[in-house]
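The chain below stands alone, shown as structure tokens; this is the form predicted alone.
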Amino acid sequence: MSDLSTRLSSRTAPYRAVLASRMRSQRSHRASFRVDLLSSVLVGVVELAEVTVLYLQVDRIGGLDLAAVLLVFAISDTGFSLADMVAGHCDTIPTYIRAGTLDVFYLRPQPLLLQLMTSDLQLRRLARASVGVAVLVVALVVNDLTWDAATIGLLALSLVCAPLTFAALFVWAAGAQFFLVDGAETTNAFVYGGRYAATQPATVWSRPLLVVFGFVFPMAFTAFLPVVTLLDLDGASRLGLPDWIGWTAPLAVVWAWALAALSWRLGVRHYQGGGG
């Protein structure tokens, strides 16, 4: 066990050193760092206000009331913020490719994807995640939940699966950007559009959106379906799915990472170098 711990510590040392230097550099500019934190919180609060104002005008939308949609928003927003902090830096691949600096990563004896993920760490994204966590606490209080093993298990499952699914979407987009160097907006439509869709009830999506964000990129499995299962609502049956479908979120994670792995592998094989 000690040998395994030593080897693991040794292999992760370069990544930890880079991440520590990134965190120190951000904290060294304190005024800028505080403004970044504040702006991230404000963005989260504005998006929460958008959802809240909408649901204050009606009793229910898509089978969810305000309390239920707060739980959907909290799980999806927290999951996306954590995934964005870990894998969001993969968005910069087109910049590296155009500048010819991606080749530098190939010279190092570490996996390319791990190097990209650890090449930067934006601490301000933690502030955004704090909004989701605060909303989650409120949502757990205002919803009528029975605190048994099934409730705790499904809630924990959704909080683990949501960031993994969003992280897979970032990696899928990174792989696609090897082909779409000047078309990053195409993948952003799925990544950030998927995040927005995940904060809404899937029962109001049109059929094309349901196909794209319900099954191809399983955004409905990040929060909506676990929440309707958790609250025993009829959201899943409205989509023609069984009421227990929220428990299958891990299968959605596997599917999302299979897509991400395929996209990343094809993208890396397609890349022929920056000519530097």
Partner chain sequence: MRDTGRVHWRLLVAGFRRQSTYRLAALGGLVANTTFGFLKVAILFAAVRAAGGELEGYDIGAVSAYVWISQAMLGSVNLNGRTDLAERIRTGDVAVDFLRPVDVQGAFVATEVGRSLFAFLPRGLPTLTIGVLVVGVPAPDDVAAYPLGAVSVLLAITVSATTVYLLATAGFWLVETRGLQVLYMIVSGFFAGLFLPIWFLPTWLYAVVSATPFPSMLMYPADILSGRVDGGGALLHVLVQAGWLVATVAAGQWLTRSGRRRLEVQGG
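Since this is a predicted model, take the numbers as computed values, not measurements. Positions refer to the first chain, counted from 1.
Although it is not shown, the form predicted together with its partner chain is what the next lines describe.
**Q** Quick one: from W205, F170, F105, Y96, grab the residue that has a heavy atom within 4.5 Å of its partner chain in the predicted complex.
**A** When its partner chain is considered in the predicted complex, the option within 4.5 Å is W205.
**Q** Check each of C161, A83, A197, V135 and return the one that places a heavy atom within 4.5 angstroms of its partner chain in the predicted complex.
**A** It is A197.
**Q** In the predicted complex, do D36, A49 and L54 all put a heavy atom within 4.5 Å of its partner chain?
**A** Affirmative, all three are within 4.5 Å.
**Q** Heavy atoms within 4.5 Å of its partner chain in the predicted complex: does F178 have any?
**A** Looking in the predicted complex, residue contacts with its partner chain do not include F178, since no heavy atom lies within 4.5 Å.
**Q** With a cut-off of 4.5 Å between heavy atoms, is G183 one of the residues that contacts its partner chain in the predicted complex?
**A** G183: contacts its partner chain in the predicted complex.
**Q** Can any non-hydrogen atom of P201 be found within 4.5 angstroms of its partner chain in the predicted complex?
**A** P201: yes, in contact with its partner chain in the predicted complex.
**Q** Could you tell me if A189 has a non-hydrogen atom within 4.5 Å of its partner chain in the predicted complex?
**A** Looking in the predicted complex, residue contacts with its partner chain include A189, since a heavy atom lies within 4.5 Å.
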